[in-house]
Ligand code: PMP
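Starting off, we have a lone chain in the form predicted on its own, written out as structure tokens.
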């Protein structure tokens, strides 16, 4: 991997990360009053940038944060300046700087931070992932990609302590919602199932692309929650995301998923996603 320059873009200014300074009264720091997104970079190209920025802008409008101008230009400028070839951009937009009060003043200027990260991606469907499940203790607006991720962090600590790769959050009726940093699909009765985008999960960009690809290649799917009570009937399962791509889930809570190997539909969708990404890069 080529050496990347340690730069960031803070409020439109590209500068060394070590020199960037954010005000301690920034509401992103004090309250987690901020949203973020992550964009994959392959061979210097930003994948699905328009979709990521549309999601970010939509979330900012919902929580009444001023939508910054020139986000796309800033992203492209930073990739070029940092010489990032393979990895991702982390974008964060906070409400901005103001005296500490739960009620924010109107119309303050947002703080916009973009940081490039070098990263080597796993080959499609190449990792046999293991997970644990636990009750979903997060708030009820998981469709907003907020920086307030303490619930996910706590789940990831439990995941780490269990020596597995992901944590799956489960509703009070056994509905498997999503992972700590991934969306979740199962093949059940020769139909793909994934939790609907009803606010209890993040409507992942990769998730949406996979639903399109499944329809194109003739794999039936429905947006309905996979149920832990039906896991004996699952034929295969996989996790997906911007950084994850598509990777099989072969073990859950110490028990194999289906026959514990990579499923045929997982492989098919992983290959279709890789082809889509190559065409879009």
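Residue numbers count along the first chain shown, from 1. In this text the structure is predicted, and so the values were computed from the model without any measurement.
Omitted here: the form predicted together with the named molecule. The next part is about that form.
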4.5 angstroms heavy atom contact with the named molecule in the predicted complex for residue 211: no
Residue contact check: residue 204 to the named molecule in the predicted complex, 4.5 Å heavy atom: yes
Non-hydrogen atom contact residue 96 with the named molecule in the predicted complex at 4.5 angstroms: no
Heavy atom of residue 92 within 4.5 Å of the named molecule in the predicted complex: no
Stretch in contact in the predicted complex with the named molecule, which is absent here, among 71 to 79, 129 to 137, 112 to 120, 179 to 187 (heavy atoms within 4.5 Å): 179 to 187
Single option in 237, 35, 240, 41 placed near the named molecule in the predicted complex, where near means a heavy atom within 4.5 Å: 240
Stretch 101 to 121: residues contacting the named molecule in the predicted complex, 4.5 Å heavy atom cut-off: 102
